[in-house]
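This text opens with one protein chain seen in two forms, each one given by itself as structure tokens under the names structure 1 and structure 2.
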Structure 1
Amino acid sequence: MKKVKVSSIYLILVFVLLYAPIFYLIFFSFNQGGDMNQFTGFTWEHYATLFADQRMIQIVLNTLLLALLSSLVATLVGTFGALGIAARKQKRLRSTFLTLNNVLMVSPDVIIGASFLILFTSLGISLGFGSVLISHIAFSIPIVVLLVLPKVNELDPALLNAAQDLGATRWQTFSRVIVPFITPGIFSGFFMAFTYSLDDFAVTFFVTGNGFATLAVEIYSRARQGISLEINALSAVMFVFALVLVVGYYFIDQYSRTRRQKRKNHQKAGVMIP
């Protein structure tokens, strides 16, 4: 009993340590005063200022578009990459590809950003939305591979053999057997890539150009000029947005689990469902 209580208290302290700064920031986003020294009264003024700031709204839309496009492309490429790694017959070759993928995962963002900056400069590619998009796709692909690959490895080869014995083409096997089975991994990879792209700063800071900025870079630039509670309001909005994403992913995952469990139960009972 004591161990349970101690572990529970420890977890509570950890979550308080993680979330206290966020809620402190959100709390002062409603402060009538102009700083975070003392709460003088409740107001929506900073949120009104935020939504009236056309530049900030445009930057938020650019950041969301960038995250959506990069995560979609990275999910597509990463999924086929995971399938390609899993299809390698030689264990050493498969381990080599996986190691190369993991090296990109643990490489410092500063090194990745500087490398892309040198590459784009040497190729004469102008810095802007395109350079940032390519960079985000590149560092998101290893994340997708790492999350999709375990689901691919769990796929029973007997399912593929059964589909082929029943006359399914390669495309039908892929679309009706492989993809439904690894869908949870694909969704996990997409949401993780989306999150990484949304809050990336180091890589984006190196490869962004004049006239284009993401949310992280803009917040950094404004924070250097002094404390503005508009940033608090923006951070609160983005926190709520991230919370909605997490809750949405949770319900999608629960639905997927429930559907797979129903399939298993029907198969055990000898009933086929579409």
Structure 2
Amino acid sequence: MKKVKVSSIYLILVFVLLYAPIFYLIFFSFNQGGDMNQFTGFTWEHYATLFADQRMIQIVLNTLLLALLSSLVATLVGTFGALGIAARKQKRLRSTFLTLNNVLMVSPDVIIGASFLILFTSLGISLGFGSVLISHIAFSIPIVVLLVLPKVNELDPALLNAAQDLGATRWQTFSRVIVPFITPGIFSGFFMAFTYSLDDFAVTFFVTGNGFATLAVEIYSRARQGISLEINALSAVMFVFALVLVVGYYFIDQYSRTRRQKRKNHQKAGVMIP
């Protein structure tokens, strides 16, 4: 019994450590004092500033648009890439593809950023929204492949034979059997690509010119100038956003789990659920 206590104290301590800086930021976002040293009184003022900041709102919209576009394209390219890799017959060819695929997964951001910068310059592509978008697509593709590929590999070849046996054309087999089966992988791939894009700073920092900024780049340049409680307000908003997503995900997951469980129990009892 005592051991259980030691472990929970340790866990609580780690969680406090993990969340202290975040809550510290949020706490001072309500500070009248204007710095993060002394809390002098409660105010919504910094949130008002944030929501009135035209430049900031434009940047948030840019960042979301960038994430959406890049993850959509990366999901498309990556899914077909995964299907293509799985269709290769030779084992060596497949593992070569996987190795190449993983290069960008393990490369440090600075290397990706610097080498893409060289690439764009040598191709004569001007830096801005376009170069950032291409970069985000490029570094999101491998994660999509890695998340879709296991699903493709799980696909039982007998399933495809069954579809053909039942008269499906190749296109029908693809759209009605393969795609529905690998959809969970595609969704998680899209989701990861989206978060990769939102989260990226280093690569964007290298390949963005002067005209275009994402949220991360903007925070970096403002943070270098010192404390501004508008950034605190922004982090509070982003934390709530992430929290809603995580909690929502958790409950959807729990819900579908209990549903699955229920269905199983009913099946055991011989009751069919449509």
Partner chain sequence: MKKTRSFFMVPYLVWIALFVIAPLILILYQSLTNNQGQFTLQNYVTYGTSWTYLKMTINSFWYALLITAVTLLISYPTAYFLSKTKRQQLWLLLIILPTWINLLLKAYAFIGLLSRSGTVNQFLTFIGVGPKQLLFTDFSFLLVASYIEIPFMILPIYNAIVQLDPALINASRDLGATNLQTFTKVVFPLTISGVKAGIQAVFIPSLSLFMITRLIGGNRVITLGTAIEEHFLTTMNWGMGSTIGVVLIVMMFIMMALTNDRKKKRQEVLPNEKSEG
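Here, rigid core means the biggest group of C-alpha atoms that superpose within 1.5 Å across both forms. Just so we're on the same page, residue numbers count up from 1 along structure 1's sequence. Computed from a prediction, not measured in an experiment: that's the story for all the values here.
- Between the two displayed forms of this chain, it is structure 1 that matches the form predicted on its own.
- Core-superposed comparison between structures 1 and 2: CA of residue 217 displaced by less than 2 Å.
- Shown in the overlay between structures 1 and 2, fitted on the rigid core, is a CA shift at residue 68 smaller than 2 Å.
- Once both forms are fitted on their rigid core, the CA atom of residue 249 lies 2 Å or more apart between structures 1 and 2.
- For residue 19, the Cα deviation between structures 1 and 2 after core superposition amounts to 2.6 Å.
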